Structures are given as structure tokens and as C-alpha cells.
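As C-alpha cells, the next two blocks hold two forms of the same chain, structure 1 and structure 2.
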Structure 1
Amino acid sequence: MVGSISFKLPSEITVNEMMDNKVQNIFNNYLYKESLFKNREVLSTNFLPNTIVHRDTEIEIISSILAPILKGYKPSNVFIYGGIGCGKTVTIKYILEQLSKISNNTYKTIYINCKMKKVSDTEYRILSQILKEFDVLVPETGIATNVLYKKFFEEASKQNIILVFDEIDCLVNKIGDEFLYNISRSDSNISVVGITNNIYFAEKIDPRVRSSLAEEEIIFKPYNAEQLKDIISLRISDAFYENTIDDSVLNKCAALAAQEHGDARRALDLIRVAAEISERSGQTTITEIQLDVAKERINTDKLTEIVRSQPRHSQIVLESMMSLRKTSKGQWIDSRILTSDIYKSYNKLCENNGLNPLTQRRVCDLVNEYETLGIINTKISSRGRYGKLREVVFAVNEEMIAKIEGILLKINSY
């Protein structure tokens, strides 16, 4: 008897099996298709490049300020300002790495990114985070903060310390400036390097803390298109196989990122997303068309994600700020918005939505969070005998504001 072969008629293939086949095909195509990526890690957010270009002066100045630690002296505190993606983090990490190469155990460097979740949202957490660097493990709750301070200063007294607070504005937005005051006032041997992209940050901290922390100030200027082109060129030679991208696409990418405040991160994101789009459609080169699609996708994705993921009250706060930018005729006006007006408008919107409004203080916190997210900037201004007022300005351009409005409209219509 001939061995029986079992096969299925098309009508017997289940929906599940069809889906299985489809997914298997995607995976097989991915596995065996030629990819344009040689090493995709190189374009990821956390990748630290070996070479930093166009920041020689800044590297030299900061290194000279910190160098005294090598001979047992306390370096001056430093403040580093500069727009988004202009190389502040990569520069300081590079300097710390170089410093660690000549470490003689008489000093310690600590880098803390205050924007990371659960790192700097309370005084307790930031102190625990720092103590962790000294191998002192603190339980999540239960110890008085003055005990943590005591332990920290005790550890700090053993050696000189460079303590870098990257995105320091997030720390102050969350826990105020008292923590920095306590550190800068202490006669310990801690040198603080504060980094921020918020130009209004200095106005928010106590003038005594400000003058003590900003003994030295360094400003990172935005990159121009040519510099951005050099930054991406360096990276793509490691990321892609040869001839994946031509010069005209590189120029366009650099020009687009130069318009976005000279942001190198934006330039690298554009290339990475464009490459992924190209790869998914089975191509092995990146063209201007994919770059345009990448630009749209990045703008929309980022904003949509931010706005959608906010709690309802936070979205209403954003809506209040948006509505205050309009005149009665519906024309955009580029005025500053007062936080007191935001609260009034927020209350009205809560009433319209049948929601109980939060306290003014809580709404202020929500406004601060939008500042942390880079959507607005706030500024304290003096109004003579009327005292001080806190004003809000949008930090994103008109195109983005129109997009936020569209996203909020969509959310409201659900």
C-alpha cells in the first residue's frame, strides 16, 4: 500500500493557521532578508559614541574646571545650559569616563539623571539613589530624611565628590530647591555639576543656591546644519552598510534637525526611523521620501503619546493653556499666559465635563509636568507693586500646537 500523504484543502485551513503563516512569513523575511543595518545599537538613545565632534572647547573648559579633584581639591560647582540634543549629556559622560581612567580612589564621580522615573521625585528617593552609589542600600520607606542626609555627608566626607545632576530642573520641579540648598550650603567636599535645557531654570531657584551652584557657567550653543551632518556621518558609518544613504539625504536630515533648534538627537532619530521604514518595505537604501515620512511620524508619535498618556485632569490643564492662547476671534496670539488664569479656565472646563476640580496647588504641579515634558516654559516676572507673577509660554512651535489641539479634540470626541 502506498503511504498516505495528508494535506489540507484550502477550505480546511483555519483562521488561526492563516495568521500563523503570515506571522511566520514576517519573521522569516526579517531573518533572511538583507538588512541595511550593520549595527542598529549605534542609533539607539543610550549609545555612547567613541568620538565627540564640535565640542572641543566645552570639553576643555569643563575638564579644566574639574581637574583639581585629581590633586585632592574641591572643584568649583558648574552649571551647564543648552537646548535639547546639543550634546550636554554625551559631553559630561565622556569627561567622567576620561576622569575614571586616571582614578586613584581619592575621589568619586556620581552621575544622576533626574528625569528617570523614581529617581528624584522625593528627597528620600534622591538621597537613596546617591547612597546606592556608596553601596549603602536604603529601604524604599521608613528612614527619616535627616538620617539619610547624615549618612550621605558622612560618606561624602571620606573623599572629594563630583555629583552630576543631569536634567536638574526635573529635580527642582519635583522636590523644590531645598535639597540643592542643603548640599551647596554644606561644607562637604561635593562639587555639583547641574545640567539643564531649561533657560528659565535659574529664575526658579533661591538666589543663594543659584550663586553657589553656578560658580562656573557653560552654555552649549545649538549645532548648525554642517555640525549636525558631521555628527550623523560619524554614526552612520557604524550603523549602516556602505551606500545605504547618499549625501543629499544626509544634508536634508541635518537641515531638518538644524531647524529643530540644532538638535542632534532629532537628526539621529530621523535617520533611524527612516531606516526602519525603508527596511520594512524591503529596501536597502534610505531616500528623502522615507526621511519625510520619518519626520511626520516622529512629530506626531511623540506628541500623541505625551498627550494621550496624561491623566484626564492633566489633559484639561493642557486644554486650558491652549484656550488661553486664543483671542475671542479665534486668532492665535503669542502672549504669555498667567497661571492664575489657567486655574480659572481649568475650573470652567471641569464644570463643563462634570468633574470635580483639583486644588490650585495640584494644578500648578500639573503645569510643572508639562514644563518637564518640554511643551511649555514658565517664568516668574515681577509686576511692581502687584508682586510676582508666574507666566507660561509654549515651548513648541505653531505646527506642534495645532497638532496638540487636534489630538485633544479627538480625545474629547470619544
Structure 2
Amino acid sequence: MVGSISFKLPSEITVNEMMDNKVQNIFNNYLYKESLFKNREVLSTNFLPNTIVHRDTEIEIISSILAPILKGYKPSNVFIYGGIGCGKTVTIKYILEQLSKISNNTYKTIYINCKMKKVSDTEYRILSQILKEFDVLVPETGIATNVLYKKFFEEASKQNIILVFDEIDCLVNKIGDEFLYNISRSDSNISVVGITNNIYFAEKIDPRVRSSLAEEEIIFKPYNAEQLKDIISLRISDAFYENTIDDSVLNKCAALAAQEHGDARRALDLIRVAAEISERSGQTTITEIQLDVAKERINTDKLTEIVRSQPRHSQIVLESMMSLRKTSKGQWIDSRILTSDIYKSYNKLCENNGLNPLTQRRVCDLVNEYETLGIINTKISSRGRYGKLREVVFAVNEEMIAKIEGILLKINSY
């Protein structure tokens, strides 16, 4: 039996070699050409600046609340509210860093981002995450939750603890508020710092939990354009080489971010993406043209990330709203949607997916969250003696709606 011999045609080898050369040239060009960036990390959302501007009052109040821990006392619980990118997380991290410089290590700080996957989606996982901070390793399954609570409270009884829950609303949405109740009712010296974008968060938790937490509340207001310009200016002096960006780009970036509810994170992302676009095209400066391209790109990326990261029930609510905008032939219609119809559609989709539906009030809360994110707008209309109706209309264009539909289809196919 004669074996077959496989070989590549010369043309195939040439194509492969050409592609190899192209890719290597891209890497070599990047490696050896001058970069616009002096320090890219400065524009990262995880970067902690040495100076925080326009948050002096909030820093002083929170520092005063947490100061008793330096004398061994348990500080009050603190709940911090404010929109995306208004400096909540960076302020808390700054305060805790300053606190650590003065303390004699008689307390422990634990920071948990509740939006991270496999961190706070069950009581078991959140307790496991906390216990890791005490060097207590917990297997993925197999231990009763009350045993984990007992171990945590044992560790907490040895010292004061500041337990920071960033995006605490995500934690409660996933596992309920019983976890917070158990912590607040324990005899351990645990102080909770909750950070949330949802200003209505406290109203949604059980009154007994709210009473047990007895929290102090601080609201971070959005930055205005001038404040955003100051924040960006401080960062770009460390992020870029001199003469890379001029005031017109800086002013426009601050103005755009101010329109987005004073989002400093948005401003920094705009500058970073604009710089990356300029660098890839071989430019030595960042212009308003690149800033406009960056804005369009971020809008698309931000929306798709929002949809992907939502809890399953929240995604089903969005899918319900989208389905009500379609005719029987699958065509889009420009009509307003009633919240009562959304709940009916949501119930059907839950049944199709084998899920227990949430209450109508909770679904209304999820609709509100999409309005906060800028995906929809709602309007109350009067029907005379028949009462009032709440109508929903999409605030994004058809192209973005089609992208959302594609993301939801992908999620449903898994």
C-alpha cells in the first residue's frame, strides 16, 4: 500500500510567509517606535493617584467616621452613593491607604468588588472570598454555610475589621440582604463600607437590615466640566510626553464626560482610547478627530459590556422590552411600551427558560436601572379617570439595538 504524501504549494508558503512578515513588522514597529504614552497605567481605572481633587469634603467626612478604629473602637457603617466615575472607589482606597500609614496594624481592611464573577454570586463564595483574606482556604463546595460564618466571626473577633463592598447592590441582587443582616447582628467588630451607583439601594433592602446596619450615608455628586478638566490634567501630565495633547482636546473631553453625568472614568477612557488610535495611525499628537472616533468606539463597547455583565433576570427584562418592539414579521416598530406588558412578556420568557420570575416591583426596579444606564427613557402618561400609565421607549439607535439583540441571542445559545 502506497502512503500519500502531503505538501504545500509554493503559493501557500508565500502567503503564510507574507502574513508572518506583516505580523512581525507590526510588533517590531510598535516595539521600536516612540510612544505617545509615558505611563499608560496612569489612565487606568485601577490607578490610585497621589492627589485626589474636588473630593475634600467627602474625604474629611469618611476619614472622621473611620478614625475611631485607630483607638480600637468599631467605626460606624458607611454607605456611599453616587453615579459611575464620581470618585467613590478611588476616594475610599485613598483614605484606607492613608489610614494604614498611621495605624499600628490593630485592624484589618478587606476590599471586595461584588461585580466580579464568582466572587459574590452565592453566600458560600462571598464568605470564601473573605476568609481568603485571613489565609483560610475554603474548597469550592462541601462545607455548610453556617460553618463558614462561624469561622469568619472567629477571625473577626481577634481584631477590628473594615469590610468594603464595592458595587454592594450587585451582592444584594444576587444573594439577597440576609448576608448583611447576619454580619450586622454579629458580636464581631465588623464595620461595613458599602459603595453603590444605585441611590435607591437602601430603600430596597429589608427595614430590619437597614436598622441593624444603622449606616451613615454620603452622596458623591457628579463632577462638572471644570472639575473633570482638573482631574484629566493631573493624569495626562504623568501619562503622556510633553506637547502630546492640547487644551482644545482637553476641554472637549471634559465637556463630553460632563454630559455623561460627570463621569471621570469616562473622561480618562476617552483620552486613553484617542491616544491609542493616534499612536496606531502614526500620529505624534492627539486631535479632536481621534477623540470623536474614541467616543463612538467607547459607546459601542460600553453598551455591549453593560448587557453582558447584567444578571440573568435583568437580561430577560431587556429581552422582554426588545420583543415588544417587534411585529409578528420581526420588523422594528417605533412605539412606546407599557411596563405592564413588559412584565407579562418577562413572565413568559422566564417560563421558557425554566426560571422563577421576580415580583413585578423588582422587575420595575430593573427597568429603572436600564433608564439610569441610558438605554431607555420612561414617561408617565395620564389616562384620565383610568389612571396613569408608565411608557418605555428606547434611547439608543437601531444599530445599537441590533447589537444588543445579537448579544442576547448569543447568551441564550449557551
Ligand SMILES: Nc1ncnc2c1ncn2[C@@H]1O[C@H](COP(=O)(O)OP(=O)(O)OP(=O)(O)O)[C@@H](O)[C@H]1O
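Throughout, rigid core stands for the largest set of C-alpha atoms superposing within 1.5 Å between the two forms. All residue numbers here refer to structure 1's sequence, counted from 1. Bear in mind the structure is a predicted one, so any value in this text is a computation, not a measurement.
- Shown second, as structure 2, is the form predicted alone.
- Considered as rigid units moving between structure 1 and structure 2, the segments carrying H313 and E260 are different units.
- Put simply, the small part of the chain turns as a rigid block by 54° against the big part between structure 1 and structure 2, using C-alpha fits.
- Per-residue C-alpha deviation between structure 1 and structure 2, core superposed: I342, 2.8 Å.
- The two forms line up on their rigid core, and A214 then has its Cα shifted by 4.8 Å between structure 1 and structure 2.
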